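One chain follows as structure tokens, the form predicted alone.
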């Protein structure tokens, strides 16, 4: 029972700490310790130690024995590989959805986009990011391959860090416009247009990467 509880707590710490790193609450190069993080989340040091190991395996932390643990800087190559994995999977997802759009797909996607517009108007970057992810996860669900989104989620942390650095109002409005193009093509059952819209949407990652390297050079390897 005790081990199971520790495992559950460790998973919660992994999720919370990963969110803080991805959202830039903890920035690349920040030094952290087990005791600091334990106090931050109100847990003991053991689940924090386990969380550190998992996040190091995911490329977000650098654990140096007998020295401080550091939030790893962003790897440009890691960002590009994340984008490759995501685009490869999501293009197949969007083709599947557009080839057989359900009767309520327009309403489902329209509601998500409306929520994104509200978050953007409120300048709530964290909420917009979550709604952005929900839009893409919903496409996977509509395609009947929701597990595919989990595969994407496991490999897109570096890409997400770049996105958070550029997620201002203008950036979110552009993403919303692109989501509308995707949703419109899906609603019409236009597979080729849906794929083109998705590729253009995800392809902006390279532009964002170049921009963030110029704006935040100290955050990159």
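Positions refer to the first chain, counted from 1. For clarity, a rigid core is taken as the largest C-alpha set superposing within 1.5 Å between two forms. What you are looking at is a predicted structure, and each value in this text was computed from that prediction instead of being measured.
Beyond what is shown, the protein has a form predicted together with the DNA; the following relates to that form.
Original post:
Taking the shortest heavy atom distance, is residue 9 within 4.5 Å of the DNA in the predicted complex?
Top reply: Yes - in the predicted complex, heavy atoms of residue 9 and the DNA come within 4.5 Å of each other.
Original post:
Does residue 27 make contact with the DNA in the predicted complex, using a 4.5 Å heavy atom cut-off?
Top reply: Taking the distances in the predicted complex, the answer for residue 27 is no, it never comes within 4.5 Å of the DNA.
Original post:
Applying a 4.5 Å heavy atom distance criterion, does residue 69 contact the DNA in the predicted complex?
Top reply: Answer yes; at least one heavy atom of residue 69 falls within 4.5 Å of the DNA in the predicted complex.
Original post:
So in the predicted complex, does any heavy atom of residue 180 sit within 4.5 Å of the DNA?
Top reply: Although the DNA is absent here, residue 180 would stay clear of it in the predicted complex, with no heavy atoms inside 4.5 Å.
**OP:** Choose one stretch from 172 to 180, 59 to 67, 154 to 162, 190 to 198: the one whose residues place a heavy atom within 4.5 angstroms of the DNA in the predicted complex.
**Re:** The contacting stretch is 59 to 67.
Subject >> Within 4.5 Å of the DNA in the predicted complex: residues from 39 to 61 (heavy atom criterion) >> reply: Stretch hits, in order: 43, 44, 45, 46, 47, 49, 50, 52.
Subject >> Core-aligned C-alpha movement of residue 194 between the shown form and the other one, 2 Å or more >> reply: After core superposition, the C-alpha of residue 194 moves less than 2 Å between the shown form and the other one.
Original post:
Would you say residue 154 moves its Cα by 2 Å or more between the shown form and the other one, aligning on the core?
Top reply: Shift of 2 Å or more: no.
Original post:
Would you say residue 37 moves between the shown form and the other one, meaning its CA shifts by 2 Å or more once the core is fitted?
Top reply: Yes, the C-alpha position differs by at least 2 Å between the shown form and the other one.
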